[in-house]
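This document opens with one chain alone, in structure tokens, the form predicted on its own.
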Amino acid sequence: MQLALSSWPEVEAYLARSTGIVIPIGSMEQHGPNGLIGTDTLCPNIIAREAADEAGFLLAPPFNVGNAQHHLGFPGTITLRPSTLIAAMQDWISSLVRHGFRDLYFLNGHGGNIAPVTTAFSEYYAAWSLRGEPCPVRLKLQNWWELPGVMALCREIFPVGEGMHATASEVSVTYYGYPGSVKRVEMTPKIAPIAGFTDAADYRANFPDGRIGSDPSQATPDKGARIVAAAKTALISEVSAFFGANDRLEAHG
């Protein structure tokens, strides 16, 4: 069930049986020569949509621009300052809580979001703590690649060249979700270097084609299908436990 494709009476009916919602959160940033700009948003959204269709939970539209300042040396990247991301998340959370949602599960696709998102959670909880009131809301952040069993599967499929950015696994997931967007590009070196970085200029100097430690030329839709299937199963299990026994989600598979 997708929030964007639901009417308000349908959302009201959903809230009568569940106060949980899943929110994909990602980024709009370069992913090397053959990776899609929207990879970090597409991956959690592809996984969460399949899980929502099967398990019947409500899926919010993706929060699709994150903290990606270090990728601005590559055309197409859009970023929010960490402070902007934190403020925007307060409004998203408060809006959903206003309607009666109490269990907000953010499925993340971008490592650069982890620090500001967890800070946004702390800001939200702090308001309740300072008022001396118990907070009825639970907020959770989960990286899709850290869902149980997913990282092990990615390493099994890509024992060499998985990398840290523009990974073979994330590019495969997007190719599975959007097979018409598969791009074949020869990359040199085959496996990108690994190093640290600071700002956008430093990143571009260290990683001229955008990759870090990866060989995403290995990516295929079939490999992505295997990863999505594993992630979907793990997500359904984790979301069901997080939402709690009082939710009466109905399978729609």
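Every value quoted in this text rests on a predicted model; they were computed, and no experiment measured them. Numbering starts at 1 and runs along the sequence shown.
Although not depicted, the form predicted in complex with a further copy of the same chain is the subject of the following passage.
Three-residue candidate spot M28, L80 and Y125; every residue lies within 4.5 angstroms of a further copy of the same chain in the predicted complex by at least one non-hydrogen atom. Taking the partner from elsewhere, I194 is found to have every heavy atom lying beyond 4.5 Å of a further copy of the same chain in the predicted complex.
Among residues of the shown chain, A200 is one whose heavy atoms approach a further copy of the same chain to within 4.5 Å in the predicted complex. For the chain shown alone, Y178 is a contact residue for a further copy of the same chain in the predicted complex, at least one non-hydrogen atom being within 4.5 angstroms. a further copy of the same chain in the predicted complex comes within 4.5 Å of a heavy atom belonging to E133. Along 44-72, these residues reach a heavy atom to within 4.5 Å of a further copy of the same chain in the predicted complex: P61, P62, N64, V65, N67, Q69, L72.
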